[in-house]
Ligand SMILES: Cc1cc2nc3c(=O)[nH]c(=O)nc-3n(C[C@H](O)[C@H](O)[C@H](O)COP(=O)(O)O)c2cc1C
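Below, in structure tokens: the form predicted on its own, a single chain.
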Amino acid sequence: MKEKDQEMEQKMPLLTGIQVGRKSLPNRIAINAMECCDADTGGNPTHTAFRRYERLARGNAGMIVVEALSVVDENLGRQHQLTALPQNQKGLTDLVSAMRRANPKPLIVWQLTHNGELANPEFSERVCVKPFPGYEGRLLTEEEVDGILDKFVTAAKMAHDCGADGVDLKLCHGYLGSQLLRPFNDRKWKYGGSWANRTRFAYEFYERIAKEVKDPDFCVGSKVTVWEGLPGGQGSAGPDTPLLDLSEPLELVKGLEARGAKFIIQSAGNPSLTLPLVQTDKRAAEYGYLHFWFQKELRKALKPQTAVIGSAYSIYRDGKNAFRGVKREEASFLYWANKNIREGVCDMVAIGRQSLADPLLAAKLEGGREAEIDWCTACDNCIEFLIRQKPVGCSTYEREYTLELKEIRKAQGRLAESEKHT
């Protein structure tokens, strides 16, 4: 049996177990948080959300991150965004229970967020820590941020009470946690200017969870943008330059680890401004290689027991992609996921778009059914659903979303024609 395990570890380390916090996971595949605009008007999961997460649970990925739940309902980025407020406790408890019934093995964590300057002013209030070009909003006060921190802590406690295994404090992609950390946030206030002030929000969240959620099994971590690709963004050398400097992101994750982080999910970019950095597209496939470097630097900075989870793997699919200068068999998801885990670049890999294309990927791999996997084509139609504030799914493999996309585009065409004649 040991020889078989060793052979699997060498050939397919992706399917070997791993310890995250105090829980043993069946494999090293994680499901990235994917907002899908399918909550009801009160921020509760609808039957569509239940169906999606039950399928993901049956897919047997080692870890499932439940999408960006907002801790407030007045600064939303999506009209139908899930929220983690007291009135949502029953719906979210039912969601976790449904996932457990489908499969008790995966680690289930909630990603907690606040949209800040990315709140949609068409139906919500946009607020900011310092006005960012093109995303100006009402300036938050220190007292308001104190209150927002309280709501994050309350949401984390609710995650515990609802049966989730832990939470992911969102420190990425230009949302509030990211906005506070940016060098651009050089405003002289409690939460800005110095590094100590810019990390205050994140560090105090971790410290309060350690004190207020008295459960050693509760697993806390963060998804972190290593480089936002913007002047003054996360991972830049200063408030007015885009030059990449990893010193702050690495210092951040070490500080999170010291305060109890059990995992760090690596990411990059900002979906609203530098989308190809977040989820590599066909026109800039090589951006995917940057993520490998970021993962390796995080892995070097952290202790072995802190899991580093790499992102941006969907672009590699089955090797049918836009990468140049490589053999097709050495340009696939399985090739790079296994190679990077084997060589210590990261400990797990997270899939986002690929999880929409095929939520059963892990189970199919474990069952020797690789030929049955529906590989993401990186068409990014799922992003179009998100932009249009519509429920998100895979239009390539699911007929209901294929038909919905046609209707969306017809409506957009009619609107464009109408505007042309007015």
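The first residue of the shown sequence is 1; numbering continues from there. Being a predicted model, the structure only gives us computed values, none of them experimental.
The discussion below concerns the form predicted together with this ligand, not included here.
Among heavy atoms of Q279, some come within 4.5 Å of this ligand in the model of the complex. Taking the partner from elsewhere, D38 is found to have every heavy atom lying beyond 4.5 Å of this ligand in the model of the complex. At the 4.5 Å threshold, heavy atoms of H173 reach this ligand in the model of the complex. In the model of the complex, no heavy atom of N115 sits within 4.5 Å of this ligand.
Partner proximity in the model of the complex, defined as non-hydrogen atoms within 4.5 angstroms of this ligand, places exactly one of 362 to 370, 386 to 394, 41 to 49, 54 to 62 at the interface: 386 to 394. Though this ligand is absent from this view, in the model of the complex it lies within 4.5 Å of a heavy atom of just one residue from A119, A350, L92, L252, which is A350. Among the residues A159, I309, L82, A312, the one placing a heavy atom within 4.5 Å of this ligand in the model of the complex is A312. If you take 220 to 238 and check each residue for a heavy atom within 4.5 Å of this ligand in the model of the complex, you get just K223.
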